[in-house]
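The form predicted alone is given below as one chain in structure tokens.
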Amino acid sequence: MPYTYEYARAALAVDCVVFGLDDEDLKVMLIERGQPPFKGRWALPGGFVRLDETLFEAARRELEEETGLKRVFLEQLYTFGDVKRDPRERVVSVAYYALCNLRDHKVQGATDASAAAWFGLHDLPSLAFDHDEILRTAVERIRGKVRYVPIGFELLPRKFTLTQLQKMYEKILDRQLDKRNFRKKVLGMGILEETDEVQQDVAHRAARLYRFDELAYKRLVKQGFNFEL
């Protein structure tokens, strides 16, 4: 005989804030809801957690089902539990944020999402549920974390120029950085590997390409290295 709880239990969901980067802006990926509530409104990808999966597994699954994205950097953000955040029932959502290189990942709406698209942070529609609040929290988190953990490399192609690296930080932090000081700082860390390749098919002088040396970074961390920009 199934056990009956004395008190009603809240439903558990996950929501994902996915960030990408292009030449113009830091982007966030949204889905257009294909079902009520808020049918036709833009929202963050997400859904309810199944009984046989972890929170992380649920976030991965929902992200792939609703957008086609998989194998991206994903980390837990915060728990949102306002009593009236969902008009259907009492729902607590554990939010995650993800970072991906736009060139490597194509998005497509699926399951209960009729469409999926990238939006610039400065050109966002009003979002369903409390997703505006979740998004603001995610932006604050990456703006803080990108300065002391090298997660920003997830937004770049595997090989990049120093100018691309600087622009990435400027878009996330929403402010300009001094070119000379920035390059001196990042090159002095010992976590960038200079390649023997340069940019291709550019109108200006081709710049040298670099890659993030994750193994060197991990070795330095064991020795007490602190990443800070």
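One rule holds for the numbers: they count along the sequence shown, beginning at 1. It should be emphasised that the depicted structure is a prediction, and the values quoted were computed from it without experimental measurement.
The next section is about a form of this same protein that is not shown, the form predicted together with another copy of the chain.
Heavy atoms within 4.5 Å of another copy of the chain in the predicted complex belong, among the stretches 188 to 196, 47 to 55, 33 to 41, 156 to 164, to residues of 47 to 55. Interface residue among G120, G81, P125, P87, judged by heavy atoms within 4.5 Å of another copy of the chain in the predicted complex: G81.
Not displayed here, another copy of the chain is kept clear of V221 by more than 4.5 Å at the level of heavy atoms in the predicted complex. Taking the partner from the other structure, another copy of the chain in the predicted complex has no heavy atom within 4.5 Å of any heavy atom of L215.
Under a 4.5 angstroms non-hydrogen atom cutoff, another copy of the chain in the predicted complex has A11 among its neighbouring residues. Under a 4.5 angstroms non-hydrogen atom cutoff, another copy of the chain in the predicted complex lacks A115 among its neighbouring residues.
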